[in-house]
Ligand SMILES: CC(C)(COP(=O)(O)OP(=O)(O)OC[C@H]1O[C@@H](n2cnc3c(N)ncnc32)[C@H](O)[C@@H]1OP(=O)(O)O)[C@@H](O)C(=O)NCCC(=O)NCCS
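A lone chain, given as structure tokens: the form predicted alone.
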């Protein structure tokens, strides 16, 4: 996709675009786990067919690229980060990490690499997104990479695992001066 990196590398991770043949590993690793999807806008995948459709959708979505987080040592898939370019001047994102990889700073490492790429692009002025107000782990990841808390968006997003009512979300962003 034009306007987004082909891949990103960190000391421990290779971030590459998701491929159709990743579906089985993605299903086994994180998309079916209710702990992972608790604060996401989609429910756990009930079967591999759902994950295959999800992967196909992520590949076909314009102005967006989903990268799998591949362990550089063992090659396994540990999660994903989605970069979206909804406007020429800004990047949004979303991410999910396999529980087996929690607590190791991997998502911080991946998001930091994405932010560094954004900051190196002179035509990009902003990178930011939201997390559920109760998702303290995700808020901490965004804070650790240097995104600033901008405020609370009341009743902003529905997270199916938490019920049908829209929930408060916190906005975090980096913006070029």
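Residue numbers count along the first chain shown, from 1. Owing to the predicted nature of the structure, the values given are computational and were not obtained by experimental measurement.
Just so it is clear, the following notes concern the form predicted together with the ligand, a form of the same protein that is not shown.
Taken together, the three residues 90, 111 and 147 all stay farther than 4.5 Å from the ligand in the model of the complex, as judged by their closest heavy atom. The ligand in the model of the complex is not approached by residue 124, whose heavy atoms all lie more than 4.5 angstroms from it.
In the model of the complex, the ligand lies within 4.5 Å of some heavy atom of residue 105. Although the partner is absent here, residue 137 sits close enough that one of its heavy atoms falls within 4.5 Å of the ligand in the model of the complex. Contact check for residue 130: a heavy atom falls within 4.5 Å of the ligand in the model of the complex.
Partner proximity in the model of the complex, defined as non-hydrogen atoms within 4.5 angstroms of the ligand, places exactly one of 137 to 145, 44 to 52, 58 to 66, 114 to 122 at the interface: 137 to 145.
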